[in-house]
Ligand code: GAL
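Only one chain is included here, represented as structure tokens and corresponding to the form predicted alone.
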């Protein structure tokens, strides 16, 4: 059975029968079902319950649980338990442990302390997955499988001896010869040239810990390759045993991992773990963040770039908390708000973390729907109300998030950011600025990964931003040319096409591969120092405040300078160049997209407020739209009030309130944290 089947939006919960007396299982499952929860996830940390000691398997525990689940009508997502290898394993085979860069092993007592490349761990993984799948996959209660848990969470760098050996194998396959490796890594600098493959290692500590940036870039690619390989090892086994229609997934988006590739190779769809109250957490103190839980919409847009319709494996339902951090309990209405936030962005299944708050261990302050006593509470009642709302939204299932604006990303540039502080600062500023501007102008947008799209994949977007694609290849340049040539509008930011695929700076005139497409030439550039503050440029009467970095641009060919810097030693140099290419156009902006600047671009390019003729909203309310295949003729408007204060909305035409079934138009008030979903039909 596929939970993401386009027929309904359903609820689940994470449950740990090993944490509770068996006498309470049936009562828990029946209370879940009464609240509208139809699916539970189990077993992701239960290796030693199945393989009690090496080579000794006992299936009784989960046999009893699955039998009970089947009898009461509860569906089960079963997990491979590889995120927490048992003590007998790590004690007998210490080579399976990940280490610090200095080579100190991470020991038993937490989770994710293993490495993907240990031959012994891969052997033992194959065995536990094979045994679990062979025994449990045919059970009628099991409807799907989760691989591991949160791959690359907690730590996303690997330095064991197994990783060092695997890294060399990865590089041999990639480069073939040491000559090519030395060329790609620029090892002539500081006499880093390698003469034997055994000299090549994972990045180890150096004076000041500065490591060759090209080596680090390949190291991050290697980590991703290792994680993808590990997921595929498990997926291939599960595919042999799962019932027709049952799914394979895993959860989370974490660093140094090409989640698009992993999903393409090993999963039916991806699941995400959504904890909006993380925005409150800063050690044992709360931090002020004006967007707070709203910024989780940015993360959900990343998930949607992988799977148009996806699931939430862990949706926050209680207070985040551990021995090092704390956050508030969700206020009345916030669990609904966060659930609808996920659904608005494409989630057709939402599973809450967790049913009951565990009374022991590292997560005893990480609260679920119920507190320690298991008694009924306000949060459980709200989950029941959410179920009632989702039953009325069955027709939304299978529809897609609708956006006419896209922001391009790619893994090479994301990994490059970790070794390039110039680039990291710019990317962080522009990704955040574009998100804020789109949110506050009610402009739905998508992330599109340029390394996972084809020539026609951008055609659905009117405006595409590529903020700072410092690494660019000819293949990706062709995708951009095709999009613009067919009539698209492409907006570049500073430091575009500065490096090749190895992270080596190009000697071409900037902006490198896109200088013809952008109609731009950049003879000089500079970081903007704090003493300079922001540098003003004026675009058709509108002031742009450039900051952090300024490319000084001249126009090439028929391109034209639209705005010039009006301050500093480069006063008069171009800040914004416009070019026509084929049936489309490009804009090259020589700085970063702060929220103010991004909003100016959205407005001037006619992309802001695409649903302004339908609804008028204050900045505090997020607008998301789902429709059938992105159909412009109508869809479902999700209105999400992230403010604790009431907010006025104005419906400019009559629409159906999906919660009540009534028709509404005119002015209404959304209470604090309230959500509404409207069905509308566009006027031809």
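Numbering follows the first chain given and starts at 1. It should be emphasised that the depicted structure is a prediction, and the values quoted were computed from it without experimental measurement.
One more form of this protein exists, namely the form predicted together with ligand GAL; it is left out here, but the text below deals with it.
Residues 45, 275 and 366 are all found to lie within 4.5 Å of ligand GAL in the predicted bound form, as judged by heavy atom distances. Contact with ligand GAL, judged by heavy atoms within 4.5 Å in the predicted bound form, is confined among 224-232, 142-150, 120-128, 196-204 to 142-150. Ligand GAL is not shown here, and in the predicted bound form it never comes within 4.5 Å of any heavy atom of residue 601. Ligand GAL in the predicted bound form is approached by residue 251, whose closest heavy atom lies within 4.5 angstroms of it. Although the partner is absent here, residue 415 sits far enough away that none of its heavy atoms falls within 4.5 Å of ligand GAL in the predicted bound form. Remark: residue 269 does not count among the residues lining ligand GAL in the predicted bound form, judged by a heavy atom distance of 4.5 Å or less.
Screening 580, 111, 75, 536 for any heavy atom within 4.5 Å of ligand GAL in the predicted bound form leaves a single hit, 111. For the residues 293, 314, 258, 218, the 4.5 Å heavy atom test against ligand GAL in the predicted bound form is passed only by 314. Residues of 51-69 that come within 4.5 Å of ligand GAL in the predicted bound form, judged by any heavy atom, do not exist; none qualify.
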